[in-house]
Structures are given as C-alpha cells and as structure tokens.
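Shown here is one chain on its own, the form predicted alone, set out as structure tokens.
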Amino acid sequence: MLRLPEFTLTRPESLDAALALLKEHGDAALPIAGGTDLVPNMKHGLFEPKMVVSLADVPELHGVEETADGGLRIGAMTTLASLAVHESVQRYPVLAQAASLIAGPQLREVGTLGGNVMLDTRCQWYNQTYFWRKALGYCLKKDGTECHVVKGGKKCVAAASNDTAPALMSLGAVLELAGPEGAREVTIDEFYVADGIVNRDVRQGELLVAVRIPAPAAGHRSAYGKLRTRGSIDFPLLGVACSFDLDAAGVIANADLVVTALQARPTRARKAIALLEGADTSGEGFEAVIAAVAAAARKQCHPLPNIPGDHEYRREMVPVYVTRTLRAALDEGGPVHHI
C-alpha cells in the first residue's frame, strides 16, 4: 500500500491568508486544489511537503463571470465538471470539450481548472513509485542525473499533459496570478516554457487566481480532440485544440492549432495554421486544404518515448486527429469522433 507522507493540512479562508502561509513556509508548503494529481504524486514520493494549503475555502478563487468586453473570467477553483457544462463556457467548444475529456466523471467533480493549468509534466520514467525510481537510478526530473528518454540528454523532456492548456492557448487566454510580490497577469503562451522539470513561469509562493478569455467572434468555431488508451481516466497520448473564425462567406480567419502531450509545453502548429488562414471552406478545394494542414502538422510534430504508448504511432495519429478536430470545429463545435 502506498501511504502519504506526514503533513499538516491548513484551510485558509482568504487569498491573503493562503499567500501568507505559502510565504511563511516556503518550499516546505504546497497548495492543493482538487488534489487529483498532487495526492498520487505525494504517495509516489515525488513531493513531500510538510504543509499542504487547501484552496477550497478561498472565495476569490471561485466563480465564473462574464467580463465587460463579453469574455469570461473563470476562477481557478472552478471544477472541471462544472466548466464542461457551464452555459457561458459553451460559447467556447474547445474549452468545454477539453474539460469534459479530462480523467473520469468522479475526478472531474473534484479536479479544477487551476489544477489542470498548473499540472506537472509527466513521464513514464518519473511518474512511478519511489521504489521503482530508486531501482532505476532516478532521472533528471527527480533526484537523478540521467534522462532515460533521450540517452545522454541534459534537458528534461517530460510532457505537458494538461488538456485545458492547448484549448486556452487557442483562445488567447490570460492568467491572473497573485504572490508575495503582488498580482500580475501573463498570457498563457508566455506562461509555459520548454523545460520538463518545471514548464510553468510560476514564482515561489504564487497562486493562479483566475483565467480570462476574450469574447468569441460571431463566427467562432473550435473543437478539442484527444487520443488516449481508454475512453476515460487516461492522460492524453495526443491532444489537438483547433479554433478559428468563419465569416459569412465561409472563409477562415484568426486560425489556431495547438497540440499537446508531445513536448514539455503545448506546441503551436504554425505552418498548418498558415494553410488554414484565408481558406474557403465552401469551395471544392477545401478537402485538399484539410489534407495539407494535417500533413504540415505531422511534419512538425515529433513525439518522444516519454509517456506510455508507442511514439511512432502517436505521430501517425497527428494528421488523423488534426483532420477530425478541424471537421468537428467546422460542425460548430460538434464532438470529435475518437478511436
């Protein structure tokens, strides 16, 4: 049986109180939202905080509200289950779908948007029990000096596995953070960095407070496709977020295509996006555009053997899921047909 290490649990009732606890205890303290990822990681000995600061009773982190410009402000403690069905979030199918495909129904009732945005990178050599990792000699991300994914590699390549991250990137989201040095805002694109050890630009004692999304255009279309071993529970083997605006004539503008679970941060498929921009969806040649977009995305994406699942298979599924997700977005956010 895997046991949790000993720790003190605190339940502050304000954002200031939570930040004060994190500042006072420094590296010995960790915040907990839903705990669906942190608790298993603590059982595996990946994190051993002396104090766990629950964010459940912090009112500033709760709530979904429309902003003055017609966009949304979503509190970090909003559960994934409520996010997936919230009426205002339905205007952004890519985000609602991404939230609905995380883990299973029970975990979505507890897991939060903030927890998913802040999710630690994952690797099949890292997310193991302490005894397993010790027998292997550990790895770059935790306690060791060797990367088992890239032999001789000096940079951790654990993969970003948070489904909401590519969705929010495709929507141009902004993160509101608060810490000992005060409040700050950062675009979600700037927030993620290409470092598997810590792929988030988060400072000591800082908390994610809310996520802001700009208002969707009248012709907004978007969808999220997720490849995983089982139809629930599993982290993505590949995630594809697609969004664009469609004018009255059926021409695509403001296109975006972001893939995840391949590298330490979600990746924007820029050449594929360039092919989408200005494409006429009503013309006979649009099928060729879809094929070219899918091929361009495959050419850019090079999965590594960093998570379970054959990496060559995952690469071959890139054009499949890009095609399916693009078609679902054209169908006004209809479901992506998964394998």
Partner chain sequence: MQNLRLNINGDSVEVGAPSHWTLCEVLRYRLGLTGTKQGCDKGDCGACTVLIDGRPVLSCIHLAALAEDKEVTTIEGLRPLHQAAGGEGCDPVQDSFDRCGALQCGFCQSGMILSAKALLDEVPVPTEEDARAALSGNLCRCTGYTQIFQAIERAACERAGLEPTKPAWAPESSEHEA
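Keep in mind the model is a prediction, meaning the values are calculated, not measured. Residue numbers count along the first chain shown, from 1.
The discussion below concerns the form predicted together with its partner chain, not included here.
Checked against its partner chain in the predicted bound form, the residues Ala217, Ala194, Ile233, Ala253 give one hit for a heavy atom within 4.5 Å, which is Ile233. This chain appears without its partner; in the predicted bound form, the one residue of Thr187, Gln90, Gln106, Gln204 with a heavy atom within 4.5 Å of its partner chain is Gln106.
Heavy atoms within 4.5 Å of its partner chain in the predicted bound form are found in one stretch of 175 to 183, 109 to 117, 90 to 98, 156 to 164, which is 109 to 117. Its partner chain is not drawn, but in the predicted bound form it has a heavy atom within 4.5 Å of Arg11. In the predicted bound form, its partner chain sits within 4.5 Å of a heavy atom belonging to Pro40. Though the partner is left out of this view, Thr67 does not reach within 4.5 Å of its partner chain in the predicted bound form, counting heavy atoms only. For Asn306, no non-hydrogen atom is located within 4.5 Å of its partner chain in the predicted bound form, even though that partner is not displayed. Along 1 to 39, residues Met1, Leu2, Arg3, Leu4, Pro5, Glu6, Phe7, Thr8, Leu9, Arg11, Ile32, Gly35, Thr36, Val39 each place a heavy atom within 4.5 Å of its partner chain in the predicted bound form.
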